[in-house]
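Only one chain comes next, encoded as structure tokens, the form predicted on its own.
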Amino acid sequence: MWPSQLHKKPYVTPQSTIAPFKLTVQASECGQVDCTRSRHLYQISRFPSAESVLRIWKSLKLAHLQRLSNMEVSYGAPPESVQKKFALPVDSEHKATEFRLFSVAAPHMRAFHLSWVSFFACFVSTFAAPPLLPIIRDDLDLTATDIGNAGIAAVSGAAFARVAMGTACDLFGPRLASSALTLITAPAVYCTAIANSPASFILVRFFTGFSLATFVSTQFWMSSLFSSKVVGTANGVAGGWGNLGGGATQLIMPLVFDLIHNIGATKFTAWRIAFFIPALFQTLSAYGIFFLGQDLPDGNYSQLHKSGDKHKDNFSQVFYHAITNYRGWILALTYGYCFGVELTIDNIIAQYFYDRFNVNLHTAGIIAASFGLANLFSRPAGGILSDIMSKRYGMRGRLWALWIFQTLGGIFCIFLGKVGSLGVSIAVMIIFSVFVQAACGLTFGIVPFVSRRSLGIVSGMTGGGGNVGAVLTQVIFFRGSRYSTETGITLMGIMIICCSLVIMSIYFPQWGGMFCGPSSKVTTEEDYYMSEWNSAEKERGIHMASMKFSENSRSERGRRVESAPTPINGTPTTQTLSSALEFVKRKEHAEKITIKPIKEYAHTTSTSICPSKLEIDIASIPKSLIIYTNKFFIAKPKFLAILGD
């Protein structure tokens, strides 16, 4: 019955005639706990509460305490035959600790490839119109204001859709959320072919733009499948290759248009037929995610909810902890002026080169494509750099890298608006694209650490900030004739530099910020992530995913910077342990509770405490004993809670 058929309520079969026994506690990586005594099985639910532990202990104590001379407690993994196997090495959350780009192994790398392909398809659909605008403009009699409004519409809807997508990912999982949105928005792409007025053209671009919210599910999915050591790389490559669609569509759509036109269709008919290609691609990607993807390493949300391996979270609490974390808002602002700028350039750059340098439509498309195609390496490079800086300098290295690259992106954006030569403009544009896109990858190297409980909404807020930045930039600088396009690009660069300054205010008490080290109050990773859970939730054990994440995120301390020290004998979660002890105190009516290191009562064959096997002399422990293991309440099994004197 290991581990799939655990009883929801613990049961005990005491037999007072049985000789002194050994109590063995084994905890699997996925959280099930087995308690065996001789031939009798004691079972408790996943991540047991203090009440569950107490009931089992009381039953054992009443039946056997008088005759009990010693007890052996072992903490170990389940038998090898029941451990889940993965193609990639994993951590305690079953997140992959390696990123193998050319693997398609399920579930980690398969989900990676499905997510970026789907996001790529949505990007192609959303920006399929700009490279064909000179033709569409003549067919629908679009004015400069109409074109500006259509560009704004394409990115404005996704600003709210991304926040909603983050919520959907938290509650229903990235697989269902991504496939549903991709499929729902596909009809808008088909309907572009029948647009017959400026208003209808703006509407279809608006609804098509909602598909860009799949970026949030992509980043959430990667953060759920890859550990902190490689999450920046996974997020950077998935996001970068998805964004690659913005450049690829600059090549694809003119080629498709020319092919259809050469077959015999008129120009005004050819551009309409061309939109069926991205629409079909988007539809197929939605089905691929739904049927081939998997939400988490251990299964889909629906399966895990039914089995009890994943608890349904309280939306109000998830939302509250997301919007009250100022780090999420700062990253949303800065992302508005890296990814938001990228969206703006995707909308204007082809027409900019077409009008300013008098190149033909096909040449303008190739030049514009070079900006988006830089995502092939630039955004992934940002994610990889974020992970490299983390290994060496911790979170502070991630923050410094983001600020430097985003500031340099702003400087080259200013240069792009100033130069008047075609060749120099192309060169500066490519350099600008590398820095601004790398800043996007660097941003989502930080996002997964802002909040474990509210990761989806924080990702949605940040992603939505990118769309809001794109809308504001286009409204202020590229709508109507207030500024020339080259002047608008220059002013946009100044905005990038100014907005990047707020990165300096991001501070993690356990790791520090750009200019300050970690808090002097000895804040640990467990303190930071456990603060999102109240005592009642901790007693139910639904916080354990955050507990595992906090342990795995210690790599953010880096090698070169002084970070929050690990308390002696492990890193116990004081708030969690205290709440559990208070619960036991009320149940036992104890007047006094003390916490002592386990070595005071342990007898081992070595000089150090072995976390896998301990001999505890019950006679030396006053009155009652409650043991909290790694799978119960604290990060390391080296503390005892003593009731009474």
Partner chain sequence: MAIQGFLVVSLLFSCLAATSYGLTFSSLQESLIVTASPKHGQVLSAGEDNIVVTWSFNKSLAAGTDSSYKTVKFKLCYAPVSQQDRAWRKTEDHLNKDKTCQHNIVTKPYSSSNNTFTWTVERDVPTATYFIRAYAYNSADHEVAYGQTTDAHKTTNLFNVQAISGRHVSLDIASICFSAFSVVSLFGFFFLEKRKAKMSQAK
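For the two forms, the rigid core is made up of the largest set of C-alpha atoms that agree within 1.5 Å on superposition. It should be emphasised that the depicted structure is a prediction, and the values quoted were computed from it without experimental measurement. Residue numbers count along the first chain shown, from 1.
The form predicted together with the partner chain is left out here; the points below concern that form.
- Every residue in the set Asn196, Ser421 and Val424 has a non-hydrogen atom no more than 4.5 Å from the partner chain in the model of the complex.
- Annotated contact segment (heavy atom within 4.5 Å of the partner chain in the model of the complex): 170-178, selected among 456-464, 100-108, 170-178, 488-496.
- Taking Ser302, Ser535, Ser505, Ser531 one by one, only a single residue has any non-hydrogen atom within 4.5 Å of the partner chain in the model of the complex, and it is Ser302.
- Taking a 4.5 Å heavy atom cutoff to the partner chain in the model of the complex, the contact residue among Thr143, Thr324, Asn314, Asn262 is Thr143.
- The closest heavy atom approach of Ala186 to the partner chain in the model of the complex falls within 4.5 Å.
- The partner chain is not drawn, but in the model of the complex it has a heavy atom within 4.5 Å of Asn358.
- In the model of the complex, the partner chain lies farther than 4.5 Å from every heavy atom of His113.
- Within this chain, Leu501 is remote from the site of the partner chain in the model of the complex, having no heavy atom within 4.5 Å.
- Contacts between stretch 274-292 and the partner chain, counted in the model of the complex as any heavy atom lying within 4.5 Å, involve Phe276, Leu280, Thr283, Ala286, Tyr287, Phe290, Phe291, listed in sequence order.
- The two forms, fitted on the rigid core, differ between this form and the one not shown by less than 2 Å at the CA of Trp403.
- Superposition of the core reveals a Cα shift of 2 Å or more for Leu171 between this form and the one not shown.
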